[in-house]
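Next up: just one chain, as C-alpha cells, the form predicted alone.
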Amino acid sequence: MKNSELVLVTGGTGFVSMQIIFQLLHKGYQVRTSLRSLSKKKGVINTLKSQGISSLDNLSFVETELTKDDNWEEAMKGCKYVLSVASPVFFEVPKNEKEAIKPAVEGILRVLKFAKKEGVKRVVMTSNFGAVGFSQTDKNIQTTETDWTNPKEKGLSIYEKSKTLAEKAAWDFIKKEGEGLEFATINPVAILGPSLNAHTSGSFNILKHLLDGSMKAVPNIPLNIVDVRDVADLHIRAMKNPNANGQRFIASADGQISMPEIATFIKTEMPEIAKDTPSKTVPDWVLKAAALFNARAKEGSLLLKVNRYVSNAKAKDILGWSPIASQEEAILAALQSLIKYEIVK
C-alpha cells in the first residue's frame, strides 16, 4: 500500500512516536522523523526491523531540537501533516520551574511557526489529560474536552503544568497567527500497552513501583489508562479526518481503575513477578496529611481528588475511533514488555 503523503513525526525515539511511525509505515505513508541526534537513527531502524518492517524506503530522518530553529525548515519541507509528539520529560524535579517549562512552550510554537511557513496542512499535537482534567473534581459530572486544568493548581506536577501551558500557547497561536493552518490535539491519560523496545513511557513507573518493593503500601488513587496502540491510531485519525480540525480528543480506554486494583490484577495475572507487590492500602488521610510537607505527596493528594469519570465519546463519535485494548489488556501488555526487555526481573 503506497501513499505519497509525507508525515513528519517529531521525537522518533519516543514510546508514542515509535508506535505512530510503525503504524504509518504499515499504512504506506512516507514518514520523516526528527531526532535530537542522528546517532539514534540506527536504534529506530533496528526497532522497526525487529517488529517486522522489512522495507524502510519510506522512512527518513532529520536532526532537530525543540529549543533551536536549526533544520526545522528542512524537517517540514514537503510535509502534508506534522504529528508533534516530542516534549521535554522531567526525571527529577527541576530547580527552576520557569526554565523547565520554557522548552515545552517554545517547542510547540516553533513547530507551528515552521509548519505554517512551509505550507503544512495540519499539525496534531500530543498534549496530555493533565491539560484537561486536573481541576475537574466533581465526580458526578463527566470530564470532557471542554475542561481545562488550571496551571496554578496546587500539587500539579511540572510535567502536567508544562503540557497545559504548551497546549494553551498552541491554541493561542492558531487563533492569532494560524492563518489556515489546521490543528488538533490528542490528550492521553496514562499510556501503557506494549513497547516496541526497551524505551517505555513515564506511566510505566506506576507498574515498576508496584513491582520493585519501593512501595510498602498502595495509595488509593484512581487512574484512567490507554494503550499506546490506541493513542497512535487516534493521532492518525485526527491527522486525516476533516472534522478533527480545531478539536481536542481525550485518549482513554473505557472506565477507570485504581492503583490497589492494579496491584491485585498483577498478583492474580502474573504472580511470578509480584512477590514485592504490596497488599496494604495507604489511607487517604495519611496521603493528605503528608501533602502538607512533601511535594510528591502533594501530587498524590491532587490525584485523589481528580475526577476519573472521563468521557472518550468525542473520539468515538467524530473519528470513529474505538479502543482495541481495555485497561487490563494495556496493563498486561506493559507488564509483558517490562519482562521481555528485562526492565524488571
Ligand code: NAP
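Residue numbers run from 1 along the displayed sequence. Just so we're clear, the structure is a prediction, and the values are computed from it rather than from any experiment.
The same protein has a further form, the form predicted together with the named molecule, not shown here; the description that follows concerns it.
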**OP:** Answer with yes or no whether Thr64 is in contact with the named molecule in the predicted bound form, where contact means some heavy atom within 4.5 Å.
**Re:** yes
Subject >> Partner contact for Ser201 in the predicted bound form: the named molecule, 4.5 angstroms, heavy atom >> reply: yes
Subject >> Close approach of Thr13 to the named molecule in the predicted bound form, 4.5 Å, heavy atom >> reply: yes
Original post:
Given that the partner is absent here, does Met76 sit within 4.5 Å of the named molecule in the predicted bound form, heavy atoms only?
Top reply: no
Subject >> Contact segment among 215 to 223, 111 to 119, 254 to 262, 155 to 163, judged by heavy atoms lying within 4.5 Å of the named molecule in the predicted bound form >> reply: 155 to 163
**OP:** Taking 4.5 Å between heavy atoms as the contact cutoff, choose which of Val132, Val85, Ile174, Ala184 touches the named molecule in the predicted bound form.
**Re:** Val85
Original post:
Heavy atom within 4.5 Å of the named molecule in the predicted bound form: which of Leu210, Ile191, Ala244, Ala170?
Top reply: Ile191
Original post:
Within 23 to 42, which residues come within 4.5 Å of the named molecule in the predicted bound form, counting heavy atoms only?
Top reply: Arg36, Lys40
